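Just the one chain here, the form predicted alone, laid out as structure tokens.
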């Protein structure tokens, strides 16, 4: 959430930044609410001062026998009290209106973020590896999954619906091995603490990280208990420290595996075949909490940590810096990691690595202390480390062999008990 004081003092900067994001938030309307709220608070403070003065005179008037004047003073105190009650209600209503407005305003992109009109203006930062060459006709991953009985799409549709695949045999084992491989990498080489969080969160947690209220239609909702199956482990991990003052002399780094649940109401009909777009999928998430002065440096470190997964698996990928029109709602700056999938001839996003600045921390009230001991909002960062479905797509399509088997990358074999090929 943006700081209303910053908006008040820099309205043109905010408007320009939101225009770069192609966002039409009405900042003037928000500032009008803010002006009305501050005027009401000022009047309340003045009235309370007048009431205190009037109250002090009542006792003296009674002692002096000036009963009529004392009664008039009492009436004035009551009148002031009634006006204060009206103004307090106005302030409460204005607070709620401002909060609901602020919750729908996205984060401001950092000045270094490339300005663009849409995803075509994203910038390729670097590329790792080369596209693999094949001397046989390659298959898309859904044909490989069917031939090797790795995924049963039909039974998943039968028991739940489209977008809920059933992994079977070596497919299920591959999922488990990838999760173990990534968690072991991040905890042993990158200094993360592993967390096993709940797989459902309440509305406050969803609001703290920016999923609510903006993306309510994209999430599943357990109405009876007012809980939400997590769309990403970012939600429970970030909210572990909600309403706390953290000790972060160095970055706090936590990671978790969770299944992720997304309705993605706005994405109907896109990439529906195979594993390209699912409503339930597995993901390992990386979340960092840092002091403001460390967040830009830590963002670059976090990108490299997510990249390490892809490097160890020997996959061809690229790092994209998202332009102003394409970064996520809560992000101030974002890099995407995209894998090349030769079977479907597409670049597939497997990780978005975002710096949220103090946007999430302000919503979730997560703070630390500055050099003088004063509380300040922390900066939060996160990235997928990485998401599995499209990683599996790239693994299968890049490592397929002419005989129909799929070679397992060496780094992954220990997690699969030494298995060298799926077949």
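Between two forms, the rigid core is the largest collection of C-alphas that superpose within 1.5 Å. Residue numbers count along the first chain shown, from 1. Note that the coordinates shown come from a computational prediction; the quantities given were computed from them, not determined experimentally.
Beyond the structure shown, there is the form predicted in complex with the RNA, which is absent from this document and is the topic of what follows.
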**Study point:** Whether 157, 160 and 162 all lie within 4.5 angstroms of the RNA in the predicted complex by heavy atom
**Key:** no
Exercise for review: Specify the contacting stretch among 24-32, 350-358, 53-61, 393-401, defined as having any heavy atom within 4.5 Å of the RNA in the predicted complex.
Suggested key: 53-61
Exercise for review: Report whether the minimum heavy atom distance between residue 344 and the RNA in the predicted complex is within 4.5 Å.
Suggested key: no
Exercise for review: Give a yes/no on whether residue 8 approaches the RNA to within 4.5 Å in the predicted complex, heavy atoms considered.
Suggested key: yes
Point to revise | Proximity of residue 69 to the RNA in the predicted complex, heavy atoms at 4.5 Å | key: no
Check your understanding: Using 4.5 Å between non-hydrogen atoms, is residue 183 touching the RNA in the predicted complex?
Key -> no
Point to revise | Residues in 19-42 with any heavy atom within 4.5 Å of the RNA in the predicted complex | key: 37, 38, 41, 42
Review point. Is there a C-alpha shift of 2 Å or more at residue 26 between the shown form and the other one once the rigid core is superposed?
Key: no
Review point. After a core superposition, would you say residue 103 shifts its C-alpha by at least 2 Å between the shown form and the other one?
Key: no
